[in-house]
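First, one chain by itself: the form predicted on its own, in structure tokens.
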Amino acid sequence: MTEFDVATAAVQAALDAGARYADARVMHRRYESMTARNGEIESVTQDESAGVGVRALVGSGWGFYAVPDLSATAARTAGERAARIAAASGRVAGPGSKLVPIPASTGSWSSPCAVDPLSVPLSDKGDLLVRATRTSQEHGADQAEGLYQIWDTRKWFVSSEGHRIDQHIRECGAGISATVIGDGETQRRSYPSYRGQYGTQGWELVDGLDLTAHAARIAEEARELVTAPLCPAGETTLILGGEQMALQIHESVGHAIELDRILGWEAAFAGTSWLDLEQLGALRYGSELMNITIDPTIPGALGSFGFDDEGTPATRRDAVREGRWVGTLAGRDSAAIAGLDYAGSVRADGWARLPMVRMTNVGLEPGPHTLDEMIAATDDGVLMDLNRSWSIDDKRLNFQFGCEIGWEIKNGRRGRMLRNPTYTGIGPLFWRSMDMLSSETVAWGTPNCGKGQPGQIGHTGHPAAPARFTGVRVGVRG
């Protein structure tokens, strides 16, 4: 049997058992990672898994069942059990489940990949991490760490509406960090971000990072930070680097616009959302410079795909336009409940997990400025970059972030380095204070977004560039 045959058998079994709608995803995933510390390989992981997950809708109830077996018998059993679970769920009173209509797509999609990351010899990958961490240690790091990760995922999707889609998504990325331990003080610098940089690309992404070329710099900066002055406390003009902006978008916009959180369906991993659907199209989320898009079509970005896990084709749409909230991340059922006419943002992190609303590539469109112009236009302020800590309330409204590094800005010039910089704010007030935005955009990848119970790890992308905000509280401690 082909993978499509397996998925088809599962869907038909669910229909025969009483489902009015059913879909099945066959998935095969290979994963590889390696870590190094102080010039030595510390761990290597290689995993592989395959299975089929089936969703069924009976009345108003959903059912899901998954098996790590691609035989016809196992597929039919999964379909039947998904339908029985749906029938049991439907006995609990609730609103009727409808699905926003989408075309019955057939097709294939593959992410761009010049160099298959799994074909690169382990020895070459290990040599890269050894060289980079050894270089950091030679330049003053007490602990120098390196990591790469690779995911190779194949999906086959079939639905009772006629979908027949296969996708091949290859993702990888890497990063390094240097930690220096001082007298009662520990500082860390990372490159290219605190978790590395990732995308739906091949090993060419990692080659382009040139980890070894940055290893000495981050070690030296970490050592300098140990004795740098503390970030002063007060209200000032804040400039955020692009990497920190990516996390700001992720936490205070991306999660807030997930429709299942807005509807109250999802409350795990920091709660629901402060947004009210009645304000969609009218709420002033930020300044006129704030243009946030939901775009899974960006080549090479980590949240890109051809079709989501409901078979909806990847489509770019607005979430915030000129500061006004205009769109959500939605699935077919949540969109129908909310009276919206689009979906396209549902994914699962494996064949054994129920697909749910997840971020794709949620990011800022470029602005008209440069980082140098922002600094030159700032008489007194602080520049911060690379996340070190984050905290946000269960409505995705009030937040506090700490960064790895900061710099004082005086009279339009970048000055001394600052230690332990932090800032805090309230989402819409913060975004409304954005008065300058750079055109220097990078599609940052977040490979560790947690959501749901049982927990799922999502891969998301965040195009972001440096931005300036006025009247921000910085230097908050405790």
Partner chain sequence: MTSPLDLAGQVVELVRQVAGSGAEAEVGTERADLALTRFANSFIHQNMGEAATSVRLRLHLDGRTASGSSTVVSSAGLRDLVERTVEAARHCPPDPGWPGLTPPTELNGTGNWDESTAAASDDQRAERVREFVETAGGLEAAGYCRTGHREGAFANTAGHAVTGRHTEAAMDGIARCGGADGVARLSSFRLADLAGGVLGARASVKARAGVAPVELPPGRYEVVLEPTAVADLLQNLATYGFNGKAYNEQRSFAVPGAEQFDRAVTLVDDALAGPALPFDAEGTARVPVALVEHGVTTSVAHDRRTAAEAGAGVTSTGHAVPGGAATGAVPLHLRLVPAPSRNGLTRAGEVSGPIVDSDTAALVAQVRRGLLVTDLWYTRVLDPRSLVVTGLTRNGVWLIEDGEVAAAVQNFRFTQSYPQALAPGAVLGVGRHTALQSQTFSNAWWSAPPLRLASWNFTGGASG
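Residue numbers count along the first chain shown, from 1. Owing to the predicted nature of the structure, the values given are computational and were not obtained by experimental measurement.
Not on display, but discussed next: the form predicted together with the partner chain.
Chemist: Each of Pro101, Asp207 and Ser334 having a non-hydrogen atom within 4.5 Å of the partner chain in the model of the complex: is that the case here?
Modeler: No, the candidate spot makes no contact with the partner chain.
Chemist: Give me the residue from Thr153, Ser105, Asn291, Gln143 that has a heavy atom within 4.5 Å of the partner chain in the model of the complex.
Modeler: It is Gln143.
Chemist: Heavy atom within 4.5 Å of the partner chain in the model of the complex: which of Trp265, Tyr342, Trp407, Trp274 fits that? Just give me the one.
Modeler: In short, Trp265.
Chemist: Within 4.5 Å, heavy atoms only: does Val58 come near the partner chain in the model of the complex?
Modeler: Because no heavy atom of Val58 falls inside 4.5 Å of the partner chain in the model of the complex, the answer is no.
Chemist: Do Ser89 and the partner chain come within 4.5 Å of each other in the model of the complex, heavy atoms counted?
Modeler: Yes, Ser89 lies within 4.5 Å of the partner chain in the model of the complex.
Chemist: When the contact criterion is heavy atoms within 4.5 Å, does Thr186 count as touching the partner chain in the model of the complex?
Modeler: Close contact exists here: in the model of the complex, Thr186 approaches the partner chain to within 4.5 Å, heavy atoms only.
Chemist: Could you tell me if Arg388 has a non-hydrogen atom within 4.5 Å of the partner chain in the model of the complex?
Modeler: The answer is yes: Arg388 has a heavy atom within 4.5 Å of the partner chain.
Chemist: Please determine, with the chain shown alone, which of 81-89, 323-331, 282-290, 162-170 has non-hydrogen atoms within 4.5 Å of the partner chain in the model of the complex.
Modeler: Every other range fails; the passing one is 81-89.
Chemist: May I ask you to list the residues of 23-51 that have any heavy atom within 4.5 angstroms of the partner chain in the model of the complex, in sequence order?
Modeler: Sequence-ordered list: Arg30, Thr35, Arg37, Glu40, Ile41, Glu42, Ser43, Val44, Thr45, Gln46, Asp47, Glu48, Ser49, Ala50.
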